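In the block that follows, a single chain appears as structure tokens, in the form predicted alone.
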Amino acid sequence: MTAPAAAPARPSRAGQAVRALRRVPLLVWIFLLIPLVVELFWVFWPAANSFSLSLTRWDGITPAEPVGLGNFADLWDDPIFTRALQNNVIWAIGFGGLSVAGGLGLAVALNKPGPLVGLYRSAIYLPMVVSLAVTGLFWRVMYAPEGPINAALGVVGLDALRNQWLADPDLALYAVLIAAVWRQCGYIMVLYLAGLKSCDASLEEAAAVDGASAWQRFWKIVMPQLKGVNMVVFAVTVIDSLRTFDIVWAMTRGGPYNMTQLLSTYMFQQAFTLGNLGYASAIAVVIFVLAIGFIITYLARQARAEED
């Protein structure tokens, strides 16, 4: 009696992947290689260079002097860096919370057909078309002692609230924050509008038939379907809050008395005003670590939540 023929061995996943890659036309590899080389040269190499420069003392002219972790030790004792770090925490919470809440609220309000809905969406998104530097100059005029904001307070009889907003150490950071949130809300609104368009409306209708309130339908039906959008919004908001520079520099240049200094503005000041490129690179490394840490932590928590 002859033994049954052995079943052919199934190819391994690695073998399947290799064969799939071999089937990719050469022209496709060329088109992929060109942007990869550009990305390596313009993004990854400068980023790696920043890490090496952070371990040196360099003014951009004389040879770099290795100092090990000396720059990071100096950061620890630098009161302006501490202030900038605290301001970045306030900025991340305020900028992220207010822009996400405002953008989501606008998206829900404008996620319906209507004769002027398209006009409202365009008007709210319009500030994103303008550069941050121009936005900063616009709001600098708004906050001027004789500007529209103080004039409006005078018209309604609230002269006691008139202030030199950008010259007040206690209010300057929040004044700049309002300007940044005003610009960002339109972008967040567009992201959430795209997510709301992909939500299953039949689930919300069924919940309404079962007697669920509007808030219950939104929180229990709509929000779980926006998980993917929430991840994108979180990543974009954290990165934007840590790299915010233009609007702060245009409005206050980190003043008054360094009270609106952020990590990005302090890094620019150290690098291009004072010429401390090694010290500035150490600040850049801190910004990078904070951004990566926030994003990886959030993504890990989301992955665990999806598995559960």
Partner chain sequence: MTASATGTRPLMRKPKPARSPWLHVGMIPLTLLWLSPIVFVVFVAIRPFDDLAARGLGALPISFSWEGFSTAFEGGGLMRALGNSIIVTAVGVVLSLALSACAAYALSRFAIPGRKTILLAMLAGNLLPPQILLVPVSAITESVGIYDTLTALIVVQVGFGIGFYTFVLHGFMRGLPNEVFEAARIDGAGAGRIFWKIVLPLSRPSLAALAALATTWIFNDLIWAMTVLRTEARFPITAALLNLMGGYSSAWNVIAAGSLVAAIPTAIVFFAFQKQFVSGLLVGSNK
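We call the rigid core whatever largest set of C-alpha positions still superposes within 1.5 Å between the two forms. Computed from a prediction, not measured in an experiment: that's the story for all the values here. Positions refer to the first chain, counted from 1.
As for the form predicted together with the partner chain, it is not shown, yet the points below apply to it.
Engineer: In terms of non-hydrogen atoms within 4.5 angstroms, which of the given stretches 167-175, 84-92, 106-114, 71-79 touches the partner chain in the predicted bound form?
Structural biologist: Selected range: 106-114.
Engineer: Verify the contact flag for Arg253: yes if a non-hydrogen atom of it lies within 4.5 Å of a non-hydrogen atom of the partner chain in the predicted bound form, no if not.
Structural biologist: Arg253 belongs to the contact set for the partner chain.
Engineer: Wondering, does Glu39 line up within 4.5 Å of the partner chain in the predicted bound form on heavy atoms?
Structural biologist: It does: once the partner chain is placed as it appears in the predicted bound form, Glu39 has a heavy atom within 4.5 Å of it.
Engineer: Does any heavy atom of Asp159 come within 4.5 Å of a heavy atom of the partner chain in the predicted bound form?
Structural biologist: Flag for Asp159 set to no.
Engineer: So in the predicted bound form, does Arg243 come within 4.5 Å of the partner chain, heavy atom to heavy atom?
Structural biologist: Because a heavy atom of Arg243 falls inside 4.5 Å of the partner chain in the predicted bound form, the answer is yes.
Engineer: Going by the partner chain in the predicted bound form, which residues of 99-132 come within 4.5 Å of it through any heavy atom?
Structural biologist: Residues within 4.5 Å: Leu106, Ala109, Leu110, Lys112, Pro113, Pro115, Leu116, Val117, Tyr120, Ser122, Ala123, Ile124, Tyr125, Leu126, Pro127, Met128, Val129, Val130, Ser131.
Engineer: Aligning on the core only, does the CA of Leu299 end up 2 angstroms or more away between the shown form and the other one?
Structural biologist: Shift of 2 Å or more: yes.
Engineer: Establish whether a shift of 2 Å or more occurs at the C-alpha of Leu69 between the shown form and the other one, with the two forms superposed on the rigid core.
Structural biologist: After core superposition, the displacement of the Leu69 C-alpha between the shown form and the other one stays below 2 Å, so no.
Engineer: Kindly check if the Cα atom of Phe31 is displaced 2 angstroms or more between the shown form and the other one relative to the superposed rigid core.
Structural biologist: True for Phe31: a C-alpha shift of 2 Å or more.
Engineer: If the CA atoms of Leu191 and Tyr298 move by 3 Å or more in the predicted bound form, do they move toward each other or away, so closer or farther than here?
Structural biologist: Compared with the form shown here, the C-alpha atoms of Leu191 and Tyr298 sit closer together in the predicted bound form, by 3 Å or more.
Engineer: Please say whether the CA atoms of Leu299 and Ile221 come closer or move farther apart in the predicted bound form, knowing the change relative to this form is 3 Å or more.
Structural biologist: Those two alpha carbons end up farther apart in the predicted bound form.
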